[in-house]
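Only one chain is given next, in structure tokens, and it is the form predicted on its own.
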């Protein structure tokens, strides 16, 4: 069986749902959203703490409420959302292969938007040795167990990582009646915004151990502790706990893009896209945390809003001419997004290039270099810090030369 639609969106998280809500009014009955989960909404469905919807909806709400609102808006706009639908690959003709409880079928679309998001690397992918006991999770696994399956956790937890999502794990543990006894981070301080770290340290009483890492998990049957190393002194100590949560260290859910032969950026490991969020495969777009792992849910949703006009333009037969110029990260950043631009084309979502810092600067100056020459420089009033997205004004790249080759974006030393 083949289902035909104008636009197929793979993933019903914030970016996919927002794209559906924007596109559906212009494509009556022509927007189909496919998601493997039992309900739409993505990760916010099981993040019961507030803080969602600030940038995109100008509201302050919990994750489940945010997920429901995005889902309702997409449906009310006319999008068809199908859950329990796993997109497993592509046919030779370019259609999507879908497996669901009702059977297998194909979806043929004039345009495809990949919005499959990102996931945290588990303990195994981080190559942390030791025993293999129960009680070791990523944040997503923990929240799924606590909020969706109502499985209570134990009493003492160690959190690995100090990103925004790490503090989300703290709130989930508190909800489950489990006390976080330590948060470890390899950096000089927790990577999250100071508002979170101060509030977390005072209100939630979470001790943060800077410049440390977990080097061993201990326990048979259930976690009994972890061995923590001080990165400055090399000294090690054992911290007793019955729960360990590995947070952050994101990787895109890129398997579907990779199976299509879409070019992946070696830095983000997500699809390489331009400012219109186009991949190198005709008619396939990629949005949200699939291409910038990982930004907040509301910023991912704004990618969905941004991609609507490029998709509609593609369906109208519009094509942008010009040779894309590659954008790469310098030493101060792990990655930049988008990964290419066509000079004179539209600005990226919200007018920012996104970057993932590897060092701290309180008042950074960013420089763009092409062909050995500086072509742009901007200074921001907000800092750069590891573990969170840094937003670089698009004006940095106003002078890109179409024939000048790769542009490197870095901090001024």
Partner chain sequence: MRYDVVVIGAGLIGSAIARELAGCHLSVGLVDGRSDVGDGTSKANTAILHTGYDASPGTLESRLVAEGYHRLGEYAAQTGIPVERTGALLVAWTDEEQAALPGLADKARANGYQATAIVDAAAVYEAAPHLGPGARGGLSVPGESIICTWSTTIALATDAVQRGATLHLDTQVQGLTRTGEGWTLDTTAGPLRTRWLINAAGLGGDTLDAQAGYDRFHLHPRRGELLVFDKLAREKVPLIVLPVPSKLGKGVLVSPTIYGNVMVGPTAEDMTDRADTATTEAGFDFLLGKGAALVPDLMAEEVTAAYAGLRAAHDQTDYLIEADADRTYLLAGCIRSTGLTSCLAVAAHVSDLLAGAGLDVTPRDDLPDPPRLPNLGEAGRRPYQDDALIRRDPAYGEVVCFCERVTRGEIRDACQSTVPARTLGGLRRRTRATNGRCQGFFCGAAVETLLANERSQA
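Small disclaimer: the values here were computed from a predicted structure and weren't measured. Numbering follows the first chain given and starts at 1.
Unshown form predicted together with its partner chain; subsequent notes refer to it.
Of the stretches 282 to 290, 339 to 347, 326 to 334, 102 to 110, only 102 to 110 has residues with a heavy atom within 4.5 Å of its partner chain in the predicted complex. The three marked residues, 129, 149 and 254, each reach its partner chain in the predicted complex, with a heavy atom inside 4.5 Å. For the options 295, 163, 120, 265, the one in contact with its partner chain in the predicted complex, meaning a heavy atom within 4.5 Å, is 120. Only one of the listed residues (368, 384, 43, 354) places a non-hydrogen atom within 4.5 angstroms of its partner chain in the predicted complex, and that residue is 43. Although the partner is absent here, residue 361 sits far enough away that none of its heavy atoms falls within 4.5 Å of its partner chain in the predicted complex. Its partner chain in the predicted complex comes within 4.5 Å of a heavy atom belonging to residue 141. In the predicted complex, its partner chain sits beyond 4.5 Å of every heavy atom of residue 175.
In the predicted complex, its partner chain sits within 4.5 Å of a heavy atom of residue 125.
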